[in-house]
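First, one chain by itself: the form predicted alone, in structure tokens.
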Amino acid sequence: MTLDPNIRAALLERLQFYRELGVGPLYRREVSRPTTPDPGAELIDGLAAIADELEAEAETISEESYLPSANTGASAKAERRPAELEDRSARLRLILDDIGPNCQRCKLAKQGRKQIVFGTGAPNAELMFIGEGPGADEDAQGLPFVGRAGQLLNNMIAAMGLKREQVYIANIVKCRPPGNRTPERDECETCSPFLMRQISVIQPKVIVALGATAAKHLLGLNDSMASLRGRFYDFSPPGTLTGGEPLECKLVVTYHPAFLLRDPRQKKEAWKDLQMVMRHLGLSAPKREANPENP
């Protein structure tokens, strides 16, 4: 029997995740068979065969993920990665399912949050924005950056010649801190594994860290924004593997849109940071229509 590709990809992703955590191998409990013919026996055998196949496939991926390969070309990566894993939407849904609708892993769950704010955008985006945490509007709608800061971020994305739907947007923590306070270290560390898995699925070429909290957590640095901005960082999220190769991308730090709303004078500096990203991705700003009164 055949298994739906989306379900297969989700099951395989979960098995691989368990193996990366050191859980496994997984065993199926033997079920006694009736002596008389069972019309469901064929279905049971088919499901058992699929389970064995998925387990073996997950084990192979897990082993290859930690072994160096002599062939590092694009074709080699394609061979090592099952086609089903290309369904990134299914893999992102799996991460969301693992978090659960009422996550209780940190104290933010008991401090007034309404819902999980997972992330939004293109699952195969080349550009990913990571902010600090949800605010009141985000907590109400379940989407990141939908308030005033989100409107400014939309304008920043448009100025780069992109649409919001073409990038991916997430936060360091997925629950609103009370009073929009800065997320605490233990809260960031609790959410971090899920964010790293999101990055691993999306495989962006560039990550833009919005604000000091996101930048310091992602880079593990405690420098000022002035010191962190203006350069590319080589970023390899811990625990993320793509087809047996560590995921590597570039990371740029810029001001959080909420800060730019408070201090509009820094918008020019933020635009310089985004122009660095545009050059790296080969983007060009959209041409503005000429104003007859101010050509």
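We number the residues from 1 along the sequence you see. Everything quoted here is computed from the prediction, not taken from an experiment.
The form predicted together with a small molecule exists for this protein as well; it is not shown, and the discussion that follows is about that form.
**Student:** Test of understanding: in the predicted bound form, would Gly121 fall inside 4.5 Å of the small molecule by heavy atoms?
**Tutor:** Because no heavy atom of Gly121 falls inside 4.5 Å of the small molecule in the predicted bound form, the answer is no.
**Student:** Given that the small molecule is not shown alongside this chain, does Glu138 nevertheless sit within 4.5 Å of it in the predicted bound form, heavy atom to heavy atom?
**Tutor:** Looking in the predicted bound form, residue contacts with the small molecule include Glu138, since a heavy atom lies within 4.5 Å.
**Student:** For Glu187, is any heavy atom within 4.5 Å of the small molecule in the predicted bound form, or not?
**Tutor:** Although the small molecule is absent here, Glu187 would stay clear of it in the predicted bound form, with no heavy atoms inside 4.5 Å.
**Student:** I'd like to check something about Glu126: if you look in the predicted bound form, is any of its heavy atoms closer than or equal to 4.5 Å to a heavy atom of the small molecule?
**Tutor:** No.
**Student:** Where does the small molecule sit in the predicted bound form: which of 200-208, 88-96, 141-149, 108-116, heavy atoms within 4.5 Å?
**Tutor:** Of the options given, it is 141-149.
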